[in-house]
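Here's a solo chain for you in structure tokens, the form predicted alone.
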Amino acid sequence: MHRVRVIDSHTEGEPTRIVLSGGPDLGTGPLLARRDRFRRDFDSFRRALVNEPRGSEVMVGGLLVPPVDPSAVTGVIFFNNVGYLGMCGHGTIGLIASLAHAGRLSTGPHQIETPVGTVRAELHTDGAVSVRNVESRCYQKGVVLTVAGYGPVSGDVAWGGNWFFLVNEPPVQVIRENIGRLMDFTKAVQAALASAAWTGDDGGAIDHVEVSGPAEGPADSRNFVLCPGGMYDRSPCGTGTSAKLAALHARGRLRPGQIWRQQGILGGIFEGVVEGRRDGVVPTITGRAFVTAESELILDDRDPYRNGFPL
């Protein structure tokens, strides 16, 4: 039997599972190369950790690894039910809350290394966490897709640590009661992106779709984000909020230092601000995470579903 020690949390509703010990040894070298090694040689571990019967389709995992950057307290590789992420905003907030719960770090700023770069995360005395993300940018504005069942749909292509298509005027109202309809619409947009062979400026897949509408209460907008694997983000989505801020800045609707409050489909809120850059922005996202469990997962070689249910 193989034992894996984890801490579970949720960030504004979106779950994160951090692997403290028992994960695969990915060796040394850049985190991007180690992420590729994880995918190539140890994908069964990913499936075992986040898929049923131990996880769920919405869970995001984070494997702690030794950092290359000497200023970083840890490296982390995030993954979900179908693959691997470059960066995860809600997951980084959950990571900081989990490490604080485990007594591994205290309040103040900390550097976290990810496959797409080192980010700065600060644990505040009130328990909130601010993540200064990687530089984000709006690659294309006003891209028009022909979406089956909906007709022409306009949106922006932006990077916030993952690639997003940000729908400008969604035909479905962004409210909790419409989650099923929003799922259908964003999946249709995702299919249209694939059919049109749209990618980011680095050739990366545009694998997240984000729609926004009026918020409830003290927020600037409310979003719904479809993630890779066909699940929606319960939180306002950290990388999605970063991409949104980059697009707003590119359209002249957000000034450096101006606070943007992004509400998720369940009502949770991230606060975001940006620093201007020549080719984009550096966003800082603030939110809260709460630890929900400390546990030891058991991977039994006799178990036919040791590596998760086949999907």
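One rule holds for the numbers: they count along the sequence shown, beginning at 1. Please read all numbers here as calculations on a predicted model, not as lab measurements.
Just so it is clear, the following notes concern the form predicted in complex with pyrrole-2-carboxylate, a form of the same protein that is not shown.
>> Would pyrrole-2-carboxylate, positioned as it is in the model of the complex and superimposed via the C-alphas around its site, fit into this form without 3 or more of its atoms falling within 2.4 Å of the backbone or C-beta atoms? Open or blocked?
In response: After the site C-alphas are aligned, the pocket of the shown chain is open to the transferred ligand.
>> Residue-level contact is defined here as any heavy atom of the residue lying within 4.5 Å of pyrrole-2-carboxylate in the model of the complex; does E210 satisfy this criterion?
In response: Answer no; every heavy atom of E210 is more than 4.5 Å from pyrrole-2-carboxylate in the model of the complex.
>> Whether L85 contacts pyrrole-2-carboxylate in the model of the complex should be assessed with a 4.5 Å heavy atom distance threshold; does it?
In response: L85: yes, in contact with pyrrole-2-carboxylate in the model of the complex.
>> My question is simply whether C227 lines the interface with pyrrole-2-carboxylate in the model of the complex - judged by any non-hydrogen atom within 4.5 Å.
In response: The answer is yes: C227 has a heavy atom within 4.5 Å of pyrrole-2-carboxylate.
>> Does any part of N223 reach within 4.5 Å of pyrrole-2-carboxylate in the model of the complex? Heavy atoms only, please.
In response: N223: no, not in contact with pyrrole-2-carboxylate in the model of the complex.
> Picking from 107-115, 227-235, 67-75, 181-189, which part of the chain touches pyrrole-2-carboxylate in the model of the complex when contact means heavy atoms within 4.5 Å?
Replying inline: Heavy atoms within 4.5 Å of pyrrole-2-carboxylate in the model of the complex occur in 227-235.
> Can you name the residues of 153-172 that have a heavy atom within 4.5 Å of pyrrole-2-carboxylate in the model of the complex?
Replying inline: Counting only heavy atoms within 4.5 Å of pyrrole-2-carboxylate in the model of the complex, the single contacting residue of 153-172 is N162.
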